[in-house]
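Shown below, as structure tokens, is a lone chain in the form predicted on its own; questions about how it binds or moves come after it.
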Amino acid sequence: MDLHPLERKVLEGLKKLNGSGTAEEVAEAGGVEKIQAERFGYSLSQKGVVDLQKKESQVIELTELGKKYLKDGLPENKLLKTLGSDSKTVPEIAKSAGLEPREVSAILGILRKNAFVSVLDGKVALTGLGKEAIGKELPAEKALVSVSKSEKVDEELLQMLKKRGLVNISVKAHYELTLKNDVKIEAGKTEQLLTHSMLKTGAWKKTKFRKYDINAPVPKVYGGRFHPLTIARNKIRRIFLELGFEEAEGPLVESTFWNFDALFQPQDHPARDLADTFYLKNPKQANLPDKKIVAKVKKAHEEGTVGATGWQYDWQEDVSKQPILRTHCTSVSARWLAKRKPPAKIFSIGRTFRNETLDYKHLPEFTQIDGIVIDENVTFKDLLGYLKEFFYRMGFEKVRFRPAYFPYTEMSTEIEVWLEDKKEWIELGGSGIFRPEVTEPLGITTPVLAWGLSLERPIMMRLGLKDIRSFYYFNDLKWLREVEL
């Protein structure tokens, strides 16, 4: 029988142990690692040489707090001695015993369960049983001693110690190997490697080589990998770059000028309310762009542009200087509109912040994908085409558009994709053509296609997650290793 050198060492270890032992014992006797004793013990069992049995046992260990109580005594005893013959309030007991009031309350619950104390009018007093228990070893103390000596402990007491955080209870598996007496192992050496010297001298012709089982189980090795959202960001970035777009970036701390005013959102719009936006105390004011741009935006709000009347109110420059955490990446698009000339295709992927109530589909911090196309020849159909192509490359075959309203686009539409497993349409973003009140103050006279899309939500749908917080708060190492996007 052809054996691996480590299989031979496992067998040598078993022979030293008179034919049987745990994987740990075999590893020590044979001079191999424990994982090698288990792995090659398994291969030997497949060859009928060794009997391999997996066995489980309960392991009970004292926690650090349990060790402290074992050494210093349970706080119950300290509390019983503190009470003595007088009745006291919880704060008085805590002060006398040197314990926290919360700890005293928890201990009193245990003592009341054992009928050691009584509580009347907010004062605690010892009962007859409590007085007898002073200085004596309590059942919990006996149990701690038993656990430290690996002795059997009453199950009810054990669960009580676990609940108090004094012991850890776990189930550990171990393997036992037994050598089969009726199997004969052939002596002789087998080579593992074919060397240059063997080829040169021809010695390989008379050499016995070890056979390899390519189907033999081996431990999984997990290398480093990107988080699913990072993988998604890279994929989205690649899609836009392949479509000829240029990537843009902008600040996380933004002025309300770029976040709202430049996008033709009136200064009394509900989206600016504290319920939706994070306003900053420091810095007190944000910087504004060139005065000519500010003046044109002011005029667009108050009077409108060619063929429009604006919002007809007194626009306040001080309001536009308020610093905020940006609520969307459209502020990045607005900044770039002011410094780029057509034709241009620009996208951004960045963190945005809104004062949302945290739940399974909302986060106060999330990632937005924003894009604009500036060209005199583009139309609304081009907008739909870009978005269909993007979502198709993201793996969504069915895309539809629903009419919508946004203060800064006209025509406007919301994008929905079809989820086959849920049999429903899910809204994933908004889009439209920027209004002249947005583009003209920034020096653009050609059509501008624009969209803002969510990153987390479509990826959440693709991966079948039920809670968007899974990306940030409930990360499962097994899921992170195995998830495919």
Partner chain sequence: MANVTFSRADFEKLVGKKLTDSDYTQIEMMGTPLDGLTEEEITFEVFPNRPDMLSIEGFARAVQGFLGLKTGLVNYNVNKSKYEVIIDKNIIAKEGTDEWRGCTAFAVVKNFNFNDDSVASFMQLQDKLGITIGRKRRKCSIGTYDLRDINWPIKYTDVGLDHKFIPLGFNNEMTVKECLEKHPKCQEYKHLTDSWKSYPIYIDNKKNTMCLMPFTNAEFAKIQEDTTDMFIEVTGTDFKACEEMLNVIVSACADRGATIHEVTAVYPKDVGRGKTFTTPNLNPSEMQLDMKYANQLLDLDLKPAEIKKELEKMRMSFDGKNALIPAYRTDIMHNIDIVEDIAIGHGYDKFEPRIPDIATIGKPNPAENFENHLRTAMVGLGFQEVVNFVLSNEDKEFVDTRRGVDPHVEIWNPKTADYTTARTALAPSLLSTLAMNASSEMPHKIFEVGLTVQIDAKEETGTRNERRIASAASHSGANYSEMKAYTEAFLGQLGKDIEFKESNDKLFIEGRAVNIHFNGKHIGVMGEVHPEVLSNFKIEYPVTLFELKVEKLL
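Please read all numbers here as calculations on a predicted model, not as lab measurements. Residue numbers count along the first chain shown, from 1.
Keep in mind that the form predicted in complex with the partner chain is not shown, yet the notes after this line are about it.
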Just to confirm the contact call: exactly one of 202-210, 172-180, 122-130, 346-354 touches the partner chain in the model of the complex at a 4.5 Å heavy atom cutoff, so which is it?
346-354
The partner chain: the contacting residue among Ser118, Asn287, Gln316, Ser150 in the model of the complex [heavy atom, 4.5 Å]:
Asn287
In the model of the complex, the residue from Leu194, Val145, Met411, Ala106 with a non-hydrogen atom within 4.5 Å of the partner chain is Met411
Looking in the model of the complex, any heavy atom of Phe260 within 4.5 Å of the partner chain?
no
Closest heavy atom of Gly135 to the partner chain in the model of the complex, within 4.5 Å or not?
no
Wondering, does Leu480 line up within 4.5 Å of the partner chain in the model of the complex on heavy atoms?
yes
Just checking whether Arg435 would be counted as a contact of the partner chain in the model of the complex - the rule being heavy atoms within 4.5 angstroms.
yes
Heavy atom within 4.5 Å of the partner chain in the model of the complex - qualifying residues of 306-345:
Val306, Gly307, Ala308, Thr309, Gly310, Trp311, Gln312, Leu325, Arg335, Pro343, Ala344, Lys345
